[in-house]
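A single chain, nothing else alongside it, follows as structure tokens in the form predicted alone.
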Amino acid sequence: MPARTSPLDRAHRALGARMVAFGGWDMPLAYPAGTLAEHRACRAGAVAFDVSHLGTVRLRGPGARDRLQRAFTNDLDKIGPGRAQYTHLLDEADASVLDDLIVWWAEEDRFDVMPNASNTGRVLDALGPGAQDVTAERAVLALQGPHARRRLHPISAEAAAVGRFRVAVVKWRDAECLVAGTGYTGEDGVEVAVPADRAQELWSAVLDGGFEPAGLGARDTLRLEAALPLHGHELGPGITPLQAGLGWVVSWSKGPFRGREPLAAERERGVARRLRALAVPGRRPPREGQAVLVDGEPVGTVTSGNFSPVLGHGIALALLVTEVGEGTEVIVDARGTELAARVVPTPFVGASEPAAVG
């Protein structure tokens, strides 16, 4: 099956982007400035990511809220219309995280659910008849960085004013957009769902307004510095919310939801492993799949690792046995080379914030 393309595909290629396959889509990995420059631009200024590869599943009607409550782990009663919420879809057999996603509660009876790129079908199946895949109808721009709102204000003051984890319908040059105060970088900003036929116009406006284009390479290093999980790495088959340290995403008081029983059983017996952060002195980072050792004995596995452009050394996330806590000195087996590392608090960079989808 040919890869899907964003409504902005031609714009990325015109800018000289390096395109890669990701979740069944062709998406920009980096532009000519490179991933390090794009990463630093997000930490110090403002960047624009095309994240149209994320799905959008729309559910409308008076029963929509109850269906979401039964499908996902978090509790919509904690929020209300005009808010966004991070949540999980679990496997009914073992409580593995089938997807982590954001619910944009746009209006009283309208919810736009934002799954990861390749998991839209799972969300459609979980929500059942009436759930609509509207991914092809829009593009999504993530406008991120400490100066993102200031640079967005002349383009759309309404969009720039949408607060953290708030959601609003915004008119931009007569196009109806849905804007959420969400992101995946550890920086402030918004994500804008714009009609597909107006995406090029908005993309041009934000680049003209001072945003630097950034690709999925920088998005990944930014989310790792912020210690935000990526499905298929820190979440996925065999990994539950409790193992990932995301128990706050689970509401035990709201009633039934998919995967509740096996997750409750794990909570009762205690988790055998937990997601931890590793800091490595030196520029060589740990990589996914490498073993973590204490006193020569394996205690876990690296799930994501990279060089931190801000800190100037290697960082990683790893699933480790629960006995290995913060401050522990460990060794990462990097293809036969021993990398000394320490278990450290999260995030690596910036203030802690709710996770968002990858």
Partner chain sequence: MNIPDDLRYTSDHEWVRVEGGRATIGITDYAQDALGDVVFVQVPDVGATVELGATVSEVESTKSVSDIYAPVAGTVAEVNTDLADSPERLNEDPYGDGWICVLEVGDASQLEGLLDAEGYRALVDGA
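The shown structure was predicted, so the numbers you read here are calculated from the model rather than taken from an experiment. Positions refer to the first chain, counted from 1.
Quick note: we don't show the form predicted in complex with its partner chain, though the next part is all about it.
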ask   = Any idea which of 296-304, 315-323, 35-43, 57-65 reaches within 4.5 Å of its partner chain in the model of the complex, heavy atoms considered?
value = 35-43
task = Decide if the three candidate residues Arg10, His147 and Val194 all line its partner chain in the model of the complex, where lining means a heavy atom within 4.5 Å.
result = no
query = Given that the partner is absent here, does Lys254 sit within 4.5 Å of its partner chain in the model of the complex, heavy atoms only?
reply = no
query = Are any of the heavy atoms in Leu29 no more than 4.5 Å from a heavy atom of its partner chain in the model of the complex?
reply = yes
query = Is there a heavy atom of Arg284 no more than 4.5 Å from a heavy atom of its partner chain in the model of the complex?
reply = yes
query = Do Arg342 and its partner chain share at least one heavy atom pair within 4.5 Å in the model of the complex?
reply = no
